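Quick setup: one chain, the form predicted on its own, written in structure tokens, and binding and motion questions come after.
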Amino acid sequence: MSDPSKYALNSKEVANATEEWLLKRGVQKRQIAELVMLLQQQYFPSLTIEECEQNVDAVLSKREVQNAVLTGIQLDLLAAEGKLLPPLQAMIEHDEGLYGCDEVLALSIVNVYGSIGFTNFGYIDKLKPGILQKLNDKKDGEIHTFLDDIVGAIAASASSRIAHRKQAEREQNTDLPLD
């Protein structure tokens, strides 16, 4: 076992690596923000894409989210290189329907933001709009078994964050008791 007093990974390095790997894998924050907008605009018509992007940034600033992003991307890359042992290699390479670990990893992100995040994740995972459609498309030869779910989870979490904050704003702007 390693000595914890000698291990010191800089949190900024982890955050930077997360953003870099998302970009390397073809995902821009604006594309995630567009998913957030899709999920929340009907509830908050004055919501802006900039506000959505700020909430995506807030979600991505959490270390547990960064850990999930980096783990999922690495598993996708290893599968793309054929470096996983069978039968895991085939399950991830083909995004097998009965393999649910990709969703479970994504749910670790959503779990940080409560039940609204779970329902948003289920909805967007089924719909697969925008960048999720591109990531889920198997025709390009890329493997994004984990990444499509992770991106959906980030969008769902940012959406949940917006919903909770907007509710808090409403409550602050009313004289009604909070029962």
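Throughout, we count residues from 1 along the sequence that is shown. What you see is a predicted model; the values in this text were computed from it and never measured.
Keep in mind that the form predicted in complex with another copy of the chain is missing from the display, and what follows is about it.
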item: Proximity to another copy of the chain in the predicted bound form (heavy atom, within 4.5 Å), stretch among 129-137, 62-70, 49-57, 26-34; value: 62-70
item: Partner proximity in the predicted bound form: N111 to another copy of the chain, non-hydrogen atom cutoff 4.5 Å; value: yes
item: Exercise: G141 in contact with another copy of the chain in the predicted bound form, heavy atom 4.5 Å; value: yes
item: Contact flag, L22 vs another copy of the chain in the predicted bound form, heavy atom cut 4.5 Å; value: no
item: Another copy of the chain contact at L39 in the predicted bound form, heavy atom, 4.5 Å; value: yes
item: In the predicted bound form, residues of 97-113 near another copy of the chain [heavy atom within 4.5 Å]; value: G97, L98, Y99, G100, C101, E103, V104, L105, L107, S108, N111, V112
